[in-house]
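The form predicted alone is given below as one chain in structure tokens.
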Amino acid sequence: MRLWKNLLMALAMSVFAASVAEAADPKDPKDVKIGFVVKQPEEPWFQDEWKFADIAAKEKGFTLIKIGAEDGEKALSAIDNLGAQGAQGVIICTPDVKLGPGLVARAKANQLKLMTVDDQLVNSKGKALEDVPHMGISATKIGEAVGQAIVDQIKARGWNVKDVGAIRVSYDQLPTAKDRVEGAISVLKQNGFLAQNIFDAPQSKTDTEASLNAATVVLNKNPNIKKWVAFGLNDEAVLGAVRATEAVGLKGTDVVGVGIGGSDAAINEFKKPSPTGFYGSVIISPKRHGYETTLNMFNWVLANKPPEKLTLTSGKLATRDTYVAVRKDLGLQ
């Protein structure tokens, strides 16, 4: 009798184990469930990431579960939620990168493959968790693209680089902002730009008004310089600097401002009847961050093909002549 009970118990356990293995290692796309967790679900960037993730899910026929997690507690709960729904993988942009070890442990407990997007997880010492596949934005590469666009325009306009001033609209308390402007500066210097002609314009906030005020101080201190370039964290920083050059009487043909983001403010600038000093914007696309990460997770779940440990994306320059085509190419319209 005891032997019979033991056999029944062993059979039940084997069936249970098989069902768990089947859930964890699905063979059919329709059995795949992937979570996509973001820290600010109301923001256009994350809405676009979800949009492109949805496209991947529809193409491959799997289930995408979208969850907003505005704080650490919600992020951890989202992992448990996905585990309860039988998901096999999760992509997350966490509201707090220092939750790294906790998120990794929670994902493991729920048998979820884990990938991060936009913000990379770190441990208690602030070191990146390199074993967790990550797709992020290279702030330095984006800054370098800004710098190259400025250099190309200086050459195209026939300016003597030694006579040109640069307004570095800075917000150094934000590492991404610092990396972006330093990337631009590195390219300028490589192309003969004088270090003494690069002027720091620290802004109190990351908006146009704060940038205008900061850039105005630089311009008023250097009235002998008649040609200027400007760069910063985002489009708003550069637009503020451009507005400052206009206020001191400089023409748009004497200014080259290149922003980052492809914001509505940048697009409105491109739509003005006549060109201004705002020459272009390096647009960051959410397409790869939504579509490609989701596809990578799908292949990891279904075919056990893990993603690259680290993928860093950059942006694409858009000007008043090219922004419509660029936005279309990036899937933004």
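As the structure is a computational prediction, the values presented were derived from the model and not from experiment. Just count from 1 along the sequence shown to find any residue number.
Not on display, but discussed next: the form predicted together with ligand FCA.
- Stretch 37-45 is the contacting one of 65-73, 266-274, 298-306, 37-45, since its residues have non-hydrogen atoms within 4.5 Å of ligand FCA in the model of the complex.
- Of the residues given (209, 200, 119, 172), 119 alone sits with a heavy atom within 4.5 Å of ligand FCA in the model of the complex.
- Note on the partner interface in the model of the complex: the residue among 107, 115, 214, 233 having a heavy atom within 4.5 angstroms of ligand FCA is 233.
- Residue contact with ligand FCA in the model of the complex: residue 284 places a heavy atom within 4.5 Å of it.
- Although the partner is absent here, residue 164 sits far enough away that none of its heavy atoms falls within 4.5 Å of ligand FCA in the model of the complex.
- Remark: residue 93 counts among the residues lining ligand FCA in the model of the complex, judged by a heavy atom distance of 4.5 Å or less.
- Using a 4.5 Å cutoff between non-hydrogen atoms, residue 137 counts as a contact of ligand FCA in the model of the complex.
- Taking ligand FCA as positioned in the model of the complex, the only residue of 160-182 that brings a heavy atom within 4.5 Å of it is 180.
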